[in-house]
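The chain that follows stands alone, in the form predicted on its own, written as structure tokens.
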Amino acid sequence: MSAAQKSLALHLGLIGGLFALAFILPTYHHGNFARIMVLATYAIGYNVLFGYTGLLSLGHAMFFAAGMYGMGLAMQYGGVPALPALFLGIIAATILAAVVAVLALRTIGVAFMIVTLMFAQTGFLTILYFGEWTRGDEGFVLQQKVRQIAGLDLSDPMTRYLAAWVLFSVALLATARMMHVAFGGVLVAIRENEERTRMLGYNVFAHKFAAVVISGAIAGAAGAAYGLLFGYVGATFASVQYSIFPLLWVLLGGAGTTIGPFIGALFMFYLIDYSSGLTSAYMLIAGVALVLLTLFARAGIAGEIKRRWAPWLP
């Protein structure tokens, strides 16, 4: 079996396994996995920028929140149905990503990281400033009766799980495909040696711009889906915390691997979930786990598996 065939089998196996779990998992874990798949989609978007292109962003929460608020405000005040509102959220995040890319890509390295953080903080403060409509830190709840697509109630646990599964599956397969075409190869080349890539005649700025926009659009789709599936829109999702989370998930799972974001989101979610049941200092346990992984699995879980045993791992 070729590497491409193994890669396809792995992705389809993961997608098939998650589908089967919809009918097996107990209620508590059923809800958790729906949430994890949406957050893993967010991490997949981040991985496009950081894992494949090598651009470290500390402001991705602004794209997640743009998708969430673009969808939520359209439904709350415009009376827009769920599906069109979902697309409006994605469009809002994509436009924001394009604007940020034009400005932030004028910088490199640490400066890019700081600029994205500043943009994200501006977005967070804007949400608080317009609290009359956004409800600020309190946020607002989307009523169950409006959370429907084609007659399907997205507040129903099974429907919500399958909707999250569709979103994750599309994002996973799309990014996997992207990395098997020339565009994905150029992104990796930029990550490894930007100057050499430019000398070979590639338009580095155009590829980096596209990476930011694609990354922002996927993050926005995850944000819009999160708000729609779980019925809540709040400023917390625009905070620095939600810019750090995808970085941690990608680092834990394996930057530059297609399944790394899912593994990282799954690992961190349940680590915090179980440790919080043992002690109020659960973040200390999470921190120790992060330090140990950094020391002994620098490439992340999937990255170490790829390096040691399965070089074909995408």
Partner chain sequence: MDFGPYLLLASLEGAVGAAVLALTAVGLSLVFGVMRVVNVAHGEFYMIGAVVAWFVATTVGTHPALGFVAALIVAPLVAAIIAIAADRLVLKRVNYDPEATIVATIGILYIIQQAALMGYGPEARPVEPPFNHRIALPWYDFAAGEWFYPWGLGTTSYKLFVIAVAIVLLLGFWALMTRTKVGLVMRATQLDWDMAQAFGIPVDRVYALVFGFGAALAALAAVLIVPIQQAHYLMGGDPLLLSFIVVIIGGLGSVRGTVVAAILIGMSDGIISVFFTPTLAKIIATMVVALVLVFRPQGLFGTKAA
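Positions refer to the first chain, counted from 1. Keep in mind that what you see is a predicted model, and the values were worked out from it rather than measured. So that the term is clear: the rigid core is the largest set of C-alpha atoms that superpose within 1.5 Å between two forms.
Beyond what is shown, the protein has a form predicted together with its partner chain; the following relates to that form.
### Message
Going by heavy atom distances of 4.5 angstroms or less, which of 118, 98, 146, 170 would be at the interface with its partner chain in the predicted complex?
### Response
By the 4.5 Å heavy-atom cutoff, the listed residue in contact is 118.
### Query
So which of 83, 91, 114, 178 reaches within 4.5 angstroms of its partner chain in the predicted complex, heavy atom to heavy atom?
That would be 114.
### Message
residue 291 versus its partner chain, in the predicted complex: is there a non-hydrogen atom within 4.5 Å?
### Response
Answer yes; at least one heavy atom of residue 291 falls within 4.5 Å of its partner chain in the predicted complex.
### Task
Determine whether any heavy atom of residue 125 comes within 4.5 Å of a heavy atom of its partner chain in the predicted complex, and answer yes or no.
Judged by the heavy-atom cut-off of 4.5 Å, residue 125 is in contact with its partner chain in the predicted complex.
### Task
May I ask you to check whether residue 244 falls inside a 4.5 Å heavy atom distance of its partner chain in the predicted complex?
Yes, contact at 4.5 Å.
### Task
Mark residue 9 yes when one of its heavy atoms lies within 4.5 Å of a heavy atom of its partner chain in the predicted complex, and no otherwise.
Heavy-atom contact with its partner chain at 4.5 Å: absent for residue 9.
### Query
Of 61 to 69, 36 to 44, 264 to 272, 277 to 285, which is the one stretch near its partner chain in the predicted complex, taking non-hydrogen atoms within 4.5 angstroms as near?
That would be 277 to 285.
### Whether 56, 110 and 295 all lie within 4.5 angstroms of its partner chain in the predicted complex by heavy atom
Yes, the whole trio is in contact, each within 4.5 Å by some heavy atom.
### Task
Determine whether the C-alpha of residue 297 shifts by 2 Å or more between this form and the one not shown once the rigid core is superposed.
It does shift by 2 Å or more.
### Query
Under a superposition restricted to the rigid core, does residue 279 display a Cα displacement of 2 angstroms or more between this form and the one not shown?
It does, since the residue 279 C-alpha is displaced 2 Å or more between this form and the one not shown after the core fit.
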